[in-house]
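Okay, here we've got a single chain as structure tokens, the form predicted alone, with questions on binding and movement later.
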């Protein structure tokens, strides 16, 4: 653990500050996390295609953002040098600038139906201790161009090399951020089972599944859960970062009803989250969409052990009252303010977040989901400076 302080006034290190807010304790000040992956190449004025393909360009660009706009507390490490590895954890086709897109646009995801109804039955026939990785490996050739034509043995070998490449780069990348005094946010990340089903089936077919085969959805997600959690724990321990980010992109109230969330999605979420916590690791629930009607159910999860990351569609001020005494809240400066607002507007909004959501601790200031690629640098500086201006308790 780095003992370097971010600001002279700080009494805690970034690691100590993060651990305090996870426990819902009041630290010396509010911590700040900045997800700058898509923003960095445009700020640094490098080609997006070079940024995603050349690790040296990535390192230079993302560090330049920190030096121009920083400092902050938490390095939000989205750095996919292995496209195959990120395809495996996100389970969607990634479109890279320079390969599938023009060379100066941000990375995108193409959604199309690659999972069929009979795949739920195949999951139910798998051995529980291998189900998550086996299912993902079977699906990869259906959407990931890097795996086309590979048999099972060659696919496993290529996946292993991809994870090794990604892991070695993470170690190289994180060393610099730790030297600056930052704590690393993510030890492993992956799409949660039901959210993966929704994106793999696409919205309309999965919506039909919710009514035609709800029990199969629930049972298949439960089948994947033990191995999902075990693999997450194993990778987090390998990276020595005791936090796992679980993506919940399709289980918000924008996609399924509160009853469907409670009956179909929550059982597998609870299994995964509790296993991760029992291993001494913090789950980060990356909850895109509107989660207000799901918050009462989320209170069944262990208290003071989880980070709840919101993306702007959930009212974080109401969430503070609903669940802020149970989970650490993460967010939630809206993308539109960072792109179209003024530094004064960003400053005022951050001040409100720090004062109201940060009341008593248990809060990490961040953007809603991520920093937009076209955010104004002066707005990001206002966001960064707000924790120094207003964040001390």
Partner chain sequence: MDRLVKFREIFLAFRIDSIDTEIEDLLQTGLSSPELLQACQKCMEEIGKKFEEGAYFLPELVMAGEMFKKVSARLRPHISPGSEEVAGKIVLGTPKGDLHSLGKDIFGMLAEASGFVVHNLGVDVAPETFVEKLKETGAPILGMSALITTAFDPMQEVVRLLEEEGIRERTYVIIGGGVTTKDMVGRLKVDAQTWDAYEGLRIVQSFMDEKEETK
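Predicted model, so just to flag it, every value in this text is computed and none were measured. Residue numbers count along the first chain shown, from 1.
Here the subject shifts to the form predicted in complex with the partner chain, a form of this protein not shown in this document.
Next on the checklist: Is it the case in the model of the complex that 141, 215 and 267 each bring at least one heavy atom within 4.5 Å of the partner chain?
Outcome noted: Judged in the model of the complex, none of 141, 215 and 267 sits within 4.5 Å of the partner chain.
Next on the checklist: Against the partner chain in the model of the complex, would residue 204 count as a contact residue? Criterion: heavy atoms within 4.5 Å.
Outcome noted: Judged by the heavy-atom cut-off of 4.5 Å, residue 204 is in contact with the partner chain in the model of the complex.
Next on the checklist: Is residue 337 part of the interface with the partner chain in the model of the complex - any heavy atom within 4.5 Å?
Outcome noted: Judged by the heavy-atom cut-off of 4.5 Å, residue 337 is in contact with the partner chain in the model of the complex.
Next on the checklist: in the model of the complex, does residue 377 come within 4.5 Å of the partner chain, counting heavy atoms only?
Outcome noted: It does not: once the partner chain is placed as it appears in the model of the complex, residue 377 has no heavy atom within 4.5 Å of it.
Checklist entry - Taking heavy atoms and a 4.5 Å cut-off, does residue 97 contact the partner chain in the model of the complex? => result Close contact is absent here: in the model of the complex, residue 97 is far from the partner chain, nothing within 4.5 Å, heavy atoms only.
Next on the checklist: Only one of 236 to 244, 251 to 259, 68 to 76, 113 to 121 has heavy atoms within 4.5 Å of the partner chain in the model of the complex; I'd like to know which.
Outcome noted: Only one stretch qualifies here: 251 to 259.
Checklist entry - Which pick from 303, 160, 168, 101 sits with a heavy atom within 4.5 Å of the partner chain in the model of the complex? => result Selected option: 101.
Item to check | Partner-contacting position among 279, 106, 186, 92 - heavy atom within 4.5 Å of the partner chain in the model of the complex | outcome: None of the other options qualify; the answer is 106.
Next on the checklist: Pick out the residues of 352 to 374 whose heavy atoms come within 4.5 Å of the partner chain in the model of the complex.
Outcome noted: Sequence-ordered list: 372, 373, 374.
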